[in-house]
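This document opens with one chain alone, in structure tokens, the form predicted on its own.
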């Protein structure tokens, strides 16, 4: 799956969980950059991303997540 398609799907997940689109999808994007992205919404986002891509993250995958670019890389490694 292409990086752009993955980012679009992640953006859709963020919009559905957070209820807004006040963020720019870029590799350096972190939860700190997005209003409302707290620890609870983070778990909801991860669960929704697993469903959207039909994948399961392992703890070591989650430990690699530093920003949007690393999230896309982990997803690409699993699909």
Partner chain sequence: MGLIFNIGLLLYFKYFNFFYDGFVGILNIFGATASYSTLSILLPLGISFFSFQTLGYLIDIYDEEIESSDNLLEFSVFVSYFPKILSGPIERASKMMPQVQEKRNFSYPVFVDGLRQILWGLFAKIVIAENCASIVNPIFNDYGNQSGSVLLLGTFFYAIQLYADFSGYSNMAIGISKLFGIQLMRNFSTPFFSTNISDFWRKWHISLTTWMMDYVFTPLSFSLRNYQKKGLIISIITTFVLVGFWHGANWTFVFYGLLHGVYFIPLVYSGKMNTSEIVAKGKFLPSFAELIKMILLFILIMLTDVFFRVNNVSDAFDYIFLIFSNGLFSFPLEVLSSNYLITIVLLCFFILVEWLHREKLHDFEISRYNFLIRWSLYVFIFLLILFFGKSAETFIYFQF
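Positions refer to the first chain, counted from 1. Bear in mind the structure is a predicted one, so any value in this text is a computation, not a measurement.
Omitted from view is the form predicted in complex with its partner chain, to which the following refers.
> Is residue 64 one of the residues lying within 4.5 Å of its partner chain in the predicted complex, judged by heavy atom distances?
Contact with its partner chain, yes.
> Does its partner chain get within 4.5 angstroms of any non-hydrogen atom of residue 31 in the predicted complex?
No, no contact at 4.5 Å.
> Might residue 50 be said to contact its partner chain in the predicted complex, defining contact as any heavy atom within 4.5 Å?
It does: once its partner chain is placed as it appears in the predicted complex, residue 50 has a heavy atom within 4.5 Å of it.
> Using heavy atoms and a 4.5 Å limit, would one call residue 27 a contact residue for its partner chain in the predicted complex?
Flag for residue 27 set to no.
> For the stretch 56-76, which residues lie within 4.5 Å of its partner chain in the predicted complex by non-hydrogen atom distance?
Stretch hits, in order: 56, 57, 58, 59, 60, 62, 63, 64, 66.
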